[in-house]
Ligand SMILES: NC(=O)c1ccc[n+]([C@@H]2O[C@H](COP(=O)([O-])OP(=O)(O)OC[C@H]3O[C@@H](n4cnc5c(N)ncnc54)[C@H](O)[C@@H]3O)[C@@H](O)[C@H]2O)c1
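The chain below stands alone and is given as structure tokens, in the form predicted alone.
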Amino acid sequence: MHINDLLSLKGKVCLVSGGAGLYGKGITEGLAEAGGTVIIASRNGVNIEETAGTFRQNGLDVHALQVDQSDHSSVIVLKNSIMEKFGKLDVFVNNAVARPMKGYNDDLGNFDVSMKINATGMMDILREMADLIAAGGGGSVINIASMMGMFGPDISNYEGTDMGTPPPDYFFHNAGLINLTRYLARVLACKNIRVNCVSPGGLFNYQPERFLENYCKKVPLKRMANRDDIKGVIVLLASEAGAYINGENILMDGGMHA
């Protein structure tokens, strides 16, 4: 098969949870530019409608559906809506994340909230969307974790800033997601579903100057990631070009941990 055909997502229906977020927009854009029909989903219905509308103005096939990942009934409504409107699902990019904890000493009630959304809710939506993909003959699930699920925090990045200590729940659930990827790759292979993970490093979002200085001097490429950086790996894992990649976690940190 020609490489252009291997990388094409023409005729594929792709769901991106958290598709209106920083990395979510890049993921959505990449999948749509590769020819996919992309659905973005999150709790904020107005935000995702506006985001999808902007993509459509640029000629991309992007749609919006609302979902509350912490609510099983909302996940089922999303699942049914995808079937009614699009008839199938080929690719699910599990990208949504909530960050209720603000630091090490934050109230443990916020850790509970985080686990409900980022652990229980995430497993719920993964199972339901995997069932949808299986019903159509198989496809690809791509989990978005973080390099923070692979390594402890580099506290020196925060020196000279008022950003505080990074929250523990984020490290906890991203580490779990990486190994859950390996579990699902084994369990779902019989349904012709490949499951992989991408663990990005820091994404530029106008962080304080001192943080940028601290961070970028540790990256061989001397910068944080931008929105385009994640597109290629996502399209690879979603398309036939990645048909023999399964159960992998790809670290995308510009060489920081090389």
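Heads up: residue numbers just count along the shown sequence, starting at 1. The structure presented is a predicted model; accordingly, all values stated were derived computationally and were not measured.
Omitted here: the form predicted together with the named molecule. The next part is about that form.
Open item on the list: If the cut-off is 4.5 angstroms on heavy atoms, which of these, Leu188, Ala98, Leu180, Leu132, is the one near the named molecule in the predicted bound form?
Closed with: When the named molecule is considered in the predicted bound form, the option within 4.5 Å is Ala98.
TODO: Taking 4.5 Å between heavy atoms as the contact cutoff, choose which of Asp61, Glu49, Asp68, Asp229 touches the named molecule in the predicted bound form.
DONE: Residue within 4.5 Å of the partner: Asp68.
- [ ] Given that the partner is absent here, state which listed stretch (154-162, 141-149, 102-110, 84-92) has heavy atoms within 4.5 Å of the named molecule in the predicted bound form.
- [x] Only one stretch passes the 4.5 Å heavy-atom test: 141-149.
Open item on the list: How about Lys218 - does it come within 4.5 Å of the named molecule in the predicted bound form, if we only consider non-hydrogen atoms?
Closed with: Because no heavy atom of Lys218 falls inside 4.5 Å of the named molecule in the predicted bound form, the answer is no.
Open item on the list: So, Gly201 and the named molecule: in the predicted bound form, are they within 4.5 Å at any heavy atom pair?
Closed with: Gly201: yes, in contact with the named molecule in the predicted bound form.
Open item on the list: Check Ser42 for me: does it contact the named molecule in the predicted bound form (non-hydrogen atoms, 4.5 angstroms)?
Closed with: Yes, Ser42 is a contact residue.
Open item on the list: Even though the partner isn't displayed, in the predicted bound form is Ile250 close enough to the named molecule, meaning a heavy atom within 4.5 Å?
Closed with: Result no; Ile250 lies far from the named molecule in the predicted bound form.
Open item on the list: If you apply a 4.5 angstroms heavy atom cut-off, which residues in 173-198 are near the named molecule in the predicted bound form?
Closed with: Contacts from 173-198: just Asn174.
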